[in-house]
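Shown here is one chain on its own, the form predicted alone, set out as structure tokens.
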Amino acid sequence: MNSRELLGRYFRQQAELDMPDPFIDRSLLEPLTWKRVAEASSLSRVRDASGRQHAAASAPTLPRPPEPSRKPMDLKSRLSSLRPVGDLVASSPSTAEPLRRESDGTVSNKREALKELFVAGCAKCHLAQSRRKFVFGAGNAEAPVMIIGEAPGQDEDQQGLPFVGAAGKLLTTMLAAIGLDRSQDVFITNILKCHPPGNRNPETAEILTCIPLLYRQIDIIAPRAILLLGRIAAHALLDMTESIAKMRSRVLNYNDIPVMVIYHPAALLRNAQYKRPAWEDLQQFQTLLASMDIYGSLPKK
């Protein structure tokens, strides 16, 4: 691990614990973006035409989101959450076992690769101490479509599966409306794999810690299209700062994979006025899938 990589991990740990840095002015960290920190730890990678991996290009600067107000951690809690540098090095993705790939660069056994990733689990931030279950994701490892939300809710935390509450039932209905079976045609996951207490929004440090796991899931599954649910998921994966009103109805891009953003099902349950635009966006996503002949690749039911 080079010094830049180690320094990036140190900064991230300090941010997780909300502790001031005694050596470096905290204002120097402001220009860091989510993707740049991930790149510093060799986590954001893309494949070129020959199948070789290389670091992704830097995204435009993303302003640091304001820190949400929260009760300060006491000294004992902070110290118990602190990991030694040796653990940081040991958990580096650079030391992770490389994925077994076919000649075209795709993972040879996606289901087995996801299983290994699930069994490895994650306890890299404080959410691992308060969660009930690790919500890795669910669906078909060979699915051509990935659905990505922001974080597990209370129902998901209890069952260990994504989107199983009221918002999950609505999502199942929405997918069925455009001809997608959530158990066969898609793989569903979240930016965070642990439930934030009180159903609060994910914090920046939590996203920084957890999103490399999502990068690896995408790399394994290699979906042909991605549907992002809500503003937070879109900001985290795409390094965008626009409102969801400006991101919706557009075909965006993540590492040459077409991406669309729609309102989160939970937002539809709270605000009926979002239902019409969400249905319009869902129909556009269906048109995108049809234009890519994704429906022709779905298993026969």
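Since this is a predicted model, take the numbers as computed values, not measurements. In this text, residue numbers run from 1 along the sequence as written.
Heads up, the form predicted together with a small molecule isn't pictured, but that's what we're talking about next.
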Residue contact check: Asn190 to the small molecule in the predicted bound form, 4.5 Å heavy atom: yes
Contact test in the predicted bound form: Arg248 vs the small molecule, heavy atoms, 4.5 Å: no
Just to confirm, Glu150 within 4.5 Å of the small molecule in the predicted bound form by heavy atoms? yes
I'd like to check something about His235: if you look in the predicted bound form, is any of its heavy atoms closer than or equal to 4.5 Å to a heavy atom of the small molecule? no
Stretch in contact in the predicted bound form with the small molecule, which is absent here, among 121-129, 173-181, 213-221, 153-161 (heavy atoms within 4.5 Å): 153-161
